[in-house]
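Have a look below at one chain only, the form predicted alone, in C-alpha cells format.
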Amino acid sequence: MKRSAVTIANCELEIHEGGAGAPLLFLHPASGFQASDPYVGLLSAHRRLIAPSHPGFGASQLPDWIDHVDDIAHIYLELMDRMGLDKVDLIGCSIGGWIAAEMLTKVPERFGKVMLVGPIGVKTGPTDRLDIPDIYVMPPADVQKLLFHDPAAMAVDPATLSDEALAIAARNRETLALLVWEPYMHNPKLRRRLHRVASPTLFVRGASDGLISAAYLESYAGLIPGATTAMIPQAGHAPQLEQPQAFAQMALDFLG
C-alpha cells in the first residue's frame, strides 16, 4: 500500500492506496487503518483499494471545525472529486459505516455496491434505551469482550507498540469520543434520509458482535430499500480482523 497525503478544507488526510482494478473506497472503524492487516492484501489483490484515515485518526489532522460524522462525509465526497472517482464501490466498518451511510444519502448516484460492516449511526429502538452499549462506562476488558469473538487472541500488549503507535491509538479513542458522545452513536436525522440510498447494500455482522445486535442490524437494513444482511461466524465487531479470509471473500463475492 502506498501512503500519501492530501489537504481538503484545511484538513490534511492520510491516504493509503494499493492494488489495481475498479476503485473500492474503504472507511475504517474506530481502531483505524493498518495496511499490514491480512484483509487489506486480500482486497487489494483484486481491486484498487483506497483507504483514507478519518480526520483525527491515524496521521490525519483534526481541524477544530470538525465535530460530527457528517463533516467527514462532506470531506470524503470532496476527496472523491479530487481523486477523479466518479463512482465507487464502498465498504464502511463501524463508524466508517456511519460515515458511508451519510455519504450515500447525499449523492446516491456516485456509489455502486455498498457493504456496511457492524455500522452505527441510527437510533432504531425506544428513546429510553441505548441501541448500543455505553462503552465509556465499562472497564476496557469488558469492552474487549463485546468487540471480539476471542478477546484473548485479539489482545495487544501495549509494551510491544512503538510510541507512535501508542499515540495514534490514544488519539483514535479521543476522536471517537468527540464524534459519538452526544447524541450517543447516532445522527437523529440520518434515518429520515436513508430512503434515498440507491445502491445494492449488504449489512454484515460478526455472529459474536456484542455492540451491534442482530435486531439492530436488521432494523438499520430495513431503512435502505432492498438492503440485505449477512453474518460471519466466529467473529465479533471486527470480522475483517478475526476472520479476514471469510470477510474478504464475502466482500469480493458481493462487490464482484
Partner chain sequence: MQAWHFSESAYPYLPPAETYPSIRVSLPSKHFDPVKGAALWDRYLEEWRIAEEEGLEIMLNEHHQTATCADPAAPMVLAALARITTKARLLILGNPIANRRQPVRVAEEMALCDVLSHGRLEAGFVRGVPYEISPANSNPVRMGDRFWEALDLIVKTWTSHDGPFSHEGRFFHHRNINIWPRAYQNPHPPVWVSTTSPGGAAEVGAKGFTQATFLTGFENTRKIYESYRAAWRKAGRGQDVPNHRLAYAALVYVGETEQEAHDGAEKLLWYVTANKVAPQFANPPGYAPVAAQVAMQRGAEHPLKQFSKNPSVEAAIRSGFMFAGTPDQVYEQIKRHYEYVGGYGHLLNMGQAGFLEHDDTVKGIRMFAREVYPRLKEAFPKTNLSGVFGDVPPAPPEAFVLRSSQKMNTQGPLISALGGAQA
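Positions refer to the first chain, counted from 1. Since this is a predicted model, take the numbers as computed values, not measurements.
Another form, the form predicted in complex with its partner chain, is not on view; read the next lines as being about it.
Taking non-hydrogen atoms only, Pro139 approaches its partner chain to within 4.5 angstroms in the predicted complex. Its partner chain in the predicted complex is approached by Pro158, whose closest heavy atom lies within 4.5 angstroms of it.
Of the heavy atoms in Pro63, some are within 4.5 Å of its partner chain in the predicted complex. Its partner chain in the predicted complex comes within 4.5 Å of no heavy atom belonging to His74. Three-residue candidate spot Asp37, Asp81 and Leu85; no residue lies within 4.5 angstroms of its partner chain in the predicted complex by any non-hydrogen atom. Contact annotation: its partner chain lies within 4.5 Å of heavy atoms from the stretch 170 to 178 in the predicted complex, the single such stretch among 120 to 128, 170 to 178, 104 to 112, 89 to 97.
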